[in-house]
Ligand code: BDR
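The chain below stands alone and is given in structure tokens; this is the form predicted alone.
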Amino acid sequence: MRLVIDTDPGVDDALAIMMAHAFPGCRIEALTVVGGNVGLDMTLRNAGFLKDTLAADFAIYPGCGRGLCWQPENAAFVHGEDGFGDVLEGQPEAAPEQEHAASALVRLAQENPGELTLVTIGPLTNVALALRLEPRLPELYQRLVVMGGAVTGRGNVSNISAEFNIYTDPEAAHIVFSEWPFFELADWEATMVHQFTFAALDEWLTSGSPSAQLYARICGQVRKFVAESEPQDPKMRAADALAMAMTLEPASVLESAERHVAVGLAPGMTRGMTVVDWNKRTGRPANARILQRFDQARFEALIRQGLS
């Protein structure tokens, strides 16, 4: 399995990338980086720290620092101002390439037709631009796995029907969802079904590996946010890790539904909403396999492996 990961690191992005790096038979070919959780300068820095920590050889390509048409709120209040909990100093040794992420997404696909899986765990700006450069992109990638959306409108941003990655660039999501004939979707609502306890995370972090050491440092702000916002039953949620689990072990998907998914673009409370034709009323063909339930034990085992 050869992956290109479009990402805005981000604490849960880091966990997803660690999982892919540790998975037997999986190779990360490249990280294409986008602004999202925090600004592009910081997401690029964080990608470099991940490459250093994992002693990996994937390339890092800088992409878009803002959405196609607007730039709403970021997620610094969850991930920290630098996206990694505000605990790391200096700059990584790993440096990004000169080539733009959208160009790299096209070139890598053209050089390896049918061999690469594209996993998007940030806003879809880079991928939308790549589609404009090369409309045949869906034919060239083997799979597209997307973390994004809230499939019954129970979102996680100020626009309550929307999820962060889609809301950050609805126009880009619209382009991707409209022009990619079929993709796999792990949404925010599935993330909330697949939470895990602080105690379990603490146990996994005792491995003392470089990945565990880095994750233990950078996840403190996220843990604090969860504990303060849900004091009765605080649990960790890792949306990007769930999308990566579905990528790595599709056989561990226990329930899914194939439906047509569109993106709301109009100003107002439905901007950025993922609109699912649950009852197949539009006659449009299904363009997404929506994750509904993943084997929880396998999900946690994949996280543990990523931190080992």
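Not measured: the values here are computed from a predicted model. A residue's number is simply how far along the shown sequence it sits, counting from 1.
The following text describes the form predicted in complex with the named molecule, which does not appear among the structures shown.
Residue contact with the named molecule in the predicted bound form: D169 places no heavy atom within 4.5 Å of it.
At the 4.5 Å threshold, heavy atoms of T125 stay clear of the named molecule in the predicted bound form, well away from it.
Proximity of A173 to the named molecule in the predicted bound form falls outside the 4.5 Å heavy atom cutoff. Contact check for A75: a non-hydrogen atom falls within 4.5 Å of the named molecule in the predicted bound form.
Though the named molecule is absent from this view, in the predicted bound form it lies within 4.5 Å of a heavy atom of just one residue from F164, F177, W204, Y141, which is F164.
Shown alone, this chain has one stretch from 42 to 50, 237 to 245, 23 to 31, 261 to 269 that lies within 4.5 Å of the named molecule in the predicted bound form by heavy atoms: 237 to 245. Although the named molecule is not shown here, in the predicted bound form the stretch 167 to 192 places heavy atoms of just one residue, W188, within 4.5 Å of it.
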